[in-house]
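Just the one chain here, the form predicted alone, laid out as structure tokens.
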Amino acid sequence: MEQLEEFLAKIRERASAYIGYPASMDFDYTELYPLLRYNLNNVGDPFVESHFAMHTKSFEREVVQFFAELFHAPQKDWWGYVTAGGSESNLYGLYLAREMFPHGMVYYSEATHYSVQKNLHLLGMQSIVIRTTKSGEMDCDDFRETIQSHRHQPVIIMANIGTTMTEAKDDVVLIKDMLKKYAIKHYYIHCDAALAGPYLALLDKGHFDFRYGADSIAVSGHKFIGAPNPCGVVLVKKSNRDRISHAVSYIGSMDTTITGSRNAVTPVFIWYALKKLGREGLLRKAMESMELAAYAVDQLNRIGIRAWKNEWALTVVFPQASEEIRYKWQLASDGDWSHLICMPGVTRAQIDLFVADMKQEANAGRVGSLDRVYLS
């Protein structure tokens, strides 16, 4: 069909300049194409079999177990499922927190993903926004002052393990220490680790997993790992999940997830990538991406563009580029800043072409002011 051919040609062309959003293009799922011939559905709990046989729950369970081990979930007290993406994963974490503490106060930073406000509205939860530092992490001084004013309420923390714009990481260890200092016994910590979670855990950086205080963790499958459609994983403590589960005779399973019918193909995508790469392959991808991000910062600085990145981040931030550059390279921007993200699949050749474009823009005076405060 002519319309489809034109669309595919456009996508191929645009994919060559796709460096502004956190989605890996470095994957090949050709072997899984036969799955698309069947109507598959992972309805119900992934750990409960049912009379409905057209599912991929065995693959889903292996995916969840991989992340349970990666994030040091408590033995025999973990559970999770493959979601439609980070927004659903965050919704699930907040849902469990609300069921545990119906009158709790949610604290999240102003750099938190936009979907969280929507999730809080859907759940009817009270919340307070905390300021961020210049690099994007939660301002712990502001958090300290705020929780002292609301010590009578349980505390629910939405911690960012890689913010949308600067990939800043909230300090979960320091947050938990504050809760202990002020004798706050009722609390729940959910970590939105959509982008950075997998590679920080592989590198043993970040200090955010279940060992350090997390009660639930959200990751995306289409970001660092890579998939042809949005997907994610939410990992929680099974003892907390048990608060919301109930049996459904129609499907012969437990109703423990947000949605009823669930995509049964994406768990196999993630499983396939994890099996094919293993921890060593994923770690190699992480190191290559880290090196490329450092290279991008260096090359932009060499031409006078004051680029910077947070520690252990793939996201490179710089003064806002022109509309033409933002469109060509599909750059996300917020306020005075734009960013690129060195996801697996982004190449040094792409970075060189981008830097060359930025150099032309800078020479023509079309790049944002280079005199702004930035991180060295």
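Please read all numbers here as calculations on a predicted model, not as lab measurements. One-based numbering along the sequence shown.
Keep in mind that the form predicted in complex with a further copy of the same chain is not shown, yet the notes after this line are about it.
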query: Non-hydrogen atom within 4.5 angstroms of a further copy of the same chain in the predicted bound form for each of A23, G260 and Y327; finding: yes
query: A356, heavy atom within 4.5 angstroms of a further copy of the same chain in the predicted bound form; finding: no
query: is_contact(M105, a further copy of the same chain) in the predicted bound form, heavy atom dist at most 4.5 Å; finding: no
query: Interface membership of G226, a further copy of the same chain in the predicted bound form, 4.5 Å heavy atom rule; finding: yes
query: Proximity of K181 to a further copy of the same chain in the predicted bound form, heavy atoms at 4.5 Å; finding: no
query: Option touching a further copy of the same chain, based on a heavy atom within 4.5 Å in the predicted bound form, out of M287, L122, L174, V129; finding: L122
query: Partner-contacting position among F27, W308, F66, W312 - heavy atom within 4.5 Å of a further copy of the same chain in the predicted bound form; finding: F27
query: Candidate stretches 92 to 100, 71 to 79, 207 to 215, 148 to 156, one within 4.5 Å of a further copy of the same chain in the predicted bound form by heavy atom; finding: 92 to 100
query: a further copy of the same chain in the predicted bound form - contacting residues of 195 to 210, heavy atom within 4.5 Å; finding: none
